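To begin, one chain is listed below as structure tokens, in the form predicted alone.
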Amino acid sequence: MTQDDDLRTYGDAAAADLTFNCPLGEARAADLVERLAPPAPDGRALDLGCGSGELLLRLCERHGTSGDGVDQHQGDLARARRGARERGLAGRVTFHETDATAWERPATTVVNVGAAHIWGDAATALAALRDVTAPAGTVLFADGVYEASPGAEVREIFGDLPDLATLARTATDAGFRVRHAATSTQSEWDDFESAWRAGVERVGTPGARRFADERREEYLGGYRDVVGFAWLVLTPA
């Protein structure tokens, strides 16, 4: 097994039991679902880079709408489809194994959480999301930001992230109005990181334990309080 294979195995194991593969708590998830209420009952939701589809399923279940989830990870899509069947949403929510950058059909509610990298960066992602957002639609865009000045080691891991204000300006430059802007709380981060490492630990190998230990040190000794996760609710300008 190569190092890349190891990393994929650990990442899959980490995400397997997570409700959301990002620092998102239940209270914020419920709040966002309400903020993303469609302008009309016949609206359609779209999640580009949907992962296990949890947020999309909650949106469609809460508001009685239909939706499409787009991803290229077969394991995540299998979990998403299983979730749709279990909630009685298989007839309304369709999951597509395809490249999100090739999606062209607009939707009234568009979601992109932690998947701006599909397009390369936040600016390109936001421009693409604007193209698939209906005129009266709403977008949820979430991505990493710096909440404090990073040291060299943290910057090497995460690259040149913007701060929240810069990300909001990038959204307005892409043709959106920013209706809501926030970042995950420290508690959301701590819970997410702990649960993520616990998933890796369950692999049970010495390599997995070393990987979990390295992640813990990177977080507690490096990017905790430095890297944030931004949540923007946007509407077309």
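The shown structure was predicted, so the numbers you read here are calculated from the model rather than taken from an experiment. Residue numbers here begin at 1 and follow the sequence given.
Here the subject shifts to the form predicted together with a small molecule, a form of this protein not shown in this document.
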Completion exercise
The one option of Pro162, Gly83, Pro150, Gly114 with any heavy atom within 4.5 Å of the small molecule in the model of the complex is Gly114
Exercise for the section: Look at the stretches 47-55, 34-42, 171-179, 204-212 and give the one with heavy atoms within 4.5 Å of the small molecule in the model of the complex. Expected result: 47-55
Handout entry: Proximity of Val70 to the small molecule in the model of the complex, heavy atoms at 4.5 Å
Key = yes
Handout entry: 4.5 Å heavy atom contact, Thr124 and the small molecule in the model of the complex
Key = no
Practice task
Please run the contact check for Ile118 against the small molecule in the model of the complex: heavy atoms, 4.5 angstroms, yes or no?
Solution key: yes
Exercise for the section: Give a yes/no on whether Ala13 approaches the small molecule to within 4.5 Å in the model of the complex, heavy atoms considered. Expected result: no
